[in-house]
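Have a look below at one chain only, the form predicted alone, in structure tokens format.
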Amino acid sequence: MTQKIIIDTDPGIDDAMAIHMAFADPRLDIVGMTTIFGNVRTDQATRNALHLAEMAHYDLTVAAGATVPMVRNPEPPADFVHGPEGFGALPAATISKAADSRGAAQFLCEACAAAPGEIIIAAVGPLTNLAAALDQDPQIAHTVKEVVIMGGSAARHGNVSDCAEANIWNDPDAADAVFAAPWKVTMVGLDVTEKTQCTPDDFAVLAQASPVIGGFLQKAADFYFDFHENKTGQRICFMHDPSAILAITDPQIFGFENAAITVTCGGEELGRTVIHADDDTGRPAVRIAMTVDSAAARDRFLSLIASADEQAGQRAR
């Protein structure tokens, strides 16, 4: 039995890795993608999401989302990480399909209402669309099956500051609203996503196994490897967004703990996810990924992408 998911995304190189991994996984039924600013502007994210779906011959709905955070002014896109158009040095894609006429929040609410208890939202960008969906129809907290977030960190650790992860930092007010809502939430943060890494050799193998999709990811990832090498001194890349998808399909490779989370929405620790071990917040507990079998996560990612062209070919027939 397949699991229905909607991917809320700002593609983005690691978003593209996660999305193509999900497309190639027969255990998943991707109902749609909603787009958000972050790695790129929302219009670029929408174009990129449509491009990834066309590349994989995957028939789904793409709905454009918020263009700015809930409260604060937007930050510039992370083009130094993902390139000017989102996929490294690759130029802007030409697409043949348009996004859905509905906005992301409306699509999320309507899709979950149409299949109550069946859809998991995998949010791998800033959480503005999810907060907007809660505002539009609070019942989504009861019609969605689960929300799985790539973002934050249980430890005091960050990748845009010493304590803030990028997706949460881009709209901390939205993230705080999402963690406060009465739905089931899993947070897959830097505690685990930085522990799973791939190398250029891994992507060379993928380009051989799946020349179209693996080849695309290899070209896009070269820019991503440059960023990580400048940051870490090693030519590796972290598996941020793929880890969130793997938490849905392969939860057994993670170790989880439960705690309420608040987000710091001002001051020097803006965007920090604060873990409350004692129940003093009145918020529901969040399932937090704390450990990962990084070898198993890497192997699952590589094996699925290796099959991506074959899966796409079957859909194209």
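Numbers for residues come from their place in the sequence shown, where the first is 1. This structure is a prediction, so every number in the text was calculated from the model and none was measured.
This protein has a second form, the form predicted in complex with a small molecule, left out of what is shown; the following refers to that one.
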So which stretch, 7 to 15, 303 to 311, 290 to 298, 21 to 29, is the one near the small molecule in the predicted complex (non-hydrogen atoms, 4.5 Å)? 7 to 15
In the predicted complex, the residue from 218, 159, 153, 186 that sits within 4.5 Å of the small molecule by heavy atoms: 159
The one option of 112, 104, 147, 124 with any heavy atom within 4.5 Å of the small molecule in the predicted complex is 124
Even though the small molecule is not shown here, does residue 167 get within 4.5 Å of it in the predicted complex, heavy atoms only? yes
Quick one: does residue 171 come within 4.5 Å of the small molecule in the predicted complex, counting heavy atoms only? no
Within 4.5 Å, heavy atoms only: does residue 39 come near the small molecule in the predicted complex? yes
